[in-house]
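Next up: just one chain, as structure tokens, the form predicted alone.
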Amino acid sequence: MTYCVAMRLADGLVFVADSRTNAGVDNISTFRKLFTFGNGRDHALVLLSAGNLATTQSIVELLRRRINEAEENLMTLPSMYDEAAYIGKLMREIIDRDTHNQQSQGVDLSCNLLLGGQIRGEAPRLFQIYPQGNFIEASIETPYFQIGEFKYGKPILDRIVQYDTPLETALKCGLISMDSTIKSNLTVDLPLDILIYETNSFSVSRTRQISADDEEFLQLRKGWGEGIKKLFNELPQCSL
């Protein structure tokens, strides 16, 4: 399983993804689920993935290959809407191909993707792409999307994240959302990949990986846990 969250905010975009993949309690691996595509001039894209690993790896490989080989590719499309439609079509083709070739053998080949970024001439945009290839776009009223094991990390996002939330504050909220999920679900775990995209920067280089010994994350985790306990103890009792 996995957990990824992406936010479209007034100042840009924020992405957080874990890296655990498992096919049973004794088959646990680490695979990257955050991928970047950009040319530093007019296209900057970030893709988060959850679902069948073979499907998502095929999608990423073909997207990268087509940038160098195909006339129509991620770096030539004119809008983020076109990017989402292009990736959704490719996803559907891969799932249909592998199902037709009887490679699935009862395995769920579907995946879900979050695509965020900016193309020069329009504001940053964020899409959630479904296994069927269709997609929806984040809005001012709904500024974030989650995929994977999202239920444990949703409450804090609902309480904190708004369209005008500063990028660093949103990242902190995303990390706490991730830590809450890790605490409650063994199929989600470190290391984490995080990325902040600032509007009109056309750079996807503001990223890093958070490992199990990351001091900043450990302090955030400790402060959040102790803060919840302190606040809970200060709440008034309910009478019967």
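This structure is a prediction, so every number in the text was calculated from the model and none was measured. We number the residues from 1 along the sequence you see.
Keep in mind that the form predicted together with another copy of the chain is not shown, yet the notes after this line are about it.
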* Answer yes or no: in the predicted bound form, does another copy of the chain come within 4.5 Å of a heavy atom in every one of A6, E83 and N101? => no
* Could you tell me if F135 has a non-hydrogen atom within 4.5 Å of another copy of the chain in the predicted bound form? -> no
* Any chance D189 has a heavy atom within 4.5 Å of another copy of the chain in the predicted bound form? -> no
* **Heavy atom of R32 within 4.5 Å of another copy of the chain in the predicted bound form** => no
* in the predicted bound form, P155 touching another copy of the chain (heavy atom, 4.5 Å) -> yes
* Taking the partner as it appears in the predicted bound form, which of 37-45, 50-58, 178-186, 65-73 has residues with heavy atoms within 4.5 Å of another copy of the chain? -> 178-186
* Structure fact -> Picking from D108, E168, E141, E122, the single residue whose non-hydrogen atoms come within 4.5 angstroms of another copy of the chain in the predicted bound form is E168
* To do: Would you give me the residues of 203-240 that have any heavy atom within 4.5 Å of another copy of the chain in the predicted bound form, in order from first to last?
  => R206, T207, R208, E216, F217, L220, G223, W224, G225, G227, I228, K229, L231, F232, N233, L235, P236, Q237, C238, S239, L240
